[in-house]
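Quick heads-up: it's one chain on its own, the form predicted alone, in structure tokens.
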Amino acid sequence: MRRNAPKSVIKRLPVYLRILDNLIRRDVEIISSRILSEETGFTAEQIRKDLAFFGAFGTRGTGYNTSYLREKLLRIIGLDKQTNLIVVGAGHLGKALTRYNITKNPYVKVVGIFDNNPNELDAEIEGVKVRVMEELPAVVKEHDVKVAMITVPADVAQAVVSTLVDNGITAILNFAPTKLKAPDNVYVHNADLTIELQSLIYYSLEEEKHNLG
């Protein structure tokens, strides 16, 4: 049975899943929490605690069956069947994310991409046509979409969120460089690439600062 696990735990589960996918491709049948720790960077104790939120999946002294644990994680996360996804914003980033999710991410199915830029309309990205925003409600309803990605400019992002919420979207991955407001029942995760890069630059200079000091 699924429990209300902390957000920090939920964010680590896909990391474990990625490791298990790789191990299964290498025909590794059993994995210990110690090896999972080495692969992920999380402590073995943390991994055991994370998995314990959802049940007992391993055997003391033996470890975890990789295929069994992968199957359980897929069900916990909700990836045991493809999740329908829409992308709002067909600029360079929107195109790249759409291509990646269609060609490299087997857990989602991009069922629509939307933009109001006349230069982008009717273009196809890996077979998915770029549509005007007015068509979004029909696509969301037809495919029962609950998850969306936003790759639009900051000045229109909040309006896009309002449209998504009005049409039943409950989870949004936001790449627009702005903080968005949404009802409590809608989860918004912000992925600001500029901030991530700027943070990385800080760490790249840390050794130089240390030497100068």
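We number the residues from 1 along the sequence you see. Note that the structure is a prediction, hence the values are computed from the model and not measured.
Beyond what is shown, the protein has a form predicted together with a further copy of the same chain; the following relates to that form.
Using heavy atoms only and a 4.5 Å cut-off, determine which of V139, A123, M133, I77 is in contact with a further copy of the same chain in the predicted bound form.
Exactly one listed residue reaches within 4.5 Å, namely I77.
Pick from I35, A52, V147, I30: which has a non-hydrogen atom within 4.5 Å of a further copy of the same chain in the predicted bound form?
Among I35, A52, V147, I30, a heavy atom within 4.5 Å of a further copy of the same chain in the predicted bound form occurs only for V147.
In the predicted bound form, does G61 come within 4.5 Å of a further copy of the same chain, counting heavy atoms only?
Result no; G61 lies far from a further copy of the same chain in the predicted bound form.
Heavy atom to heavy atom, is Y187 within 4.5 Å of a further copy of the same chain in the predicted bound form?
Yes, Y187 is a contact residue.
Within 4.5 Å, heavy atoms only: does R25 come near a further copy of the same chain in the predicted bound form?
No, R25 stays farther than 4.5 Å from a further copy of the same chain in the predicted bound form.
Mark V156 yes when one of its heavy atoms lies within 4.5 Å of a heavy atom of a further copy of the same chain in the predicted bound form, and no otherwise.
Judged by the heavy-atom cut-off of 4.5 Å, V156 is well away from a further copy of the same chain in the predicted bound form.
Going through 7-21, which residues have a heavy atom within 4.5 Å of a further copy of the same chain in the predicted bound form? Please give them in sequence order.
Residues within 4.5 Å: K7, I10, K11, P14, V15, L17, R18.
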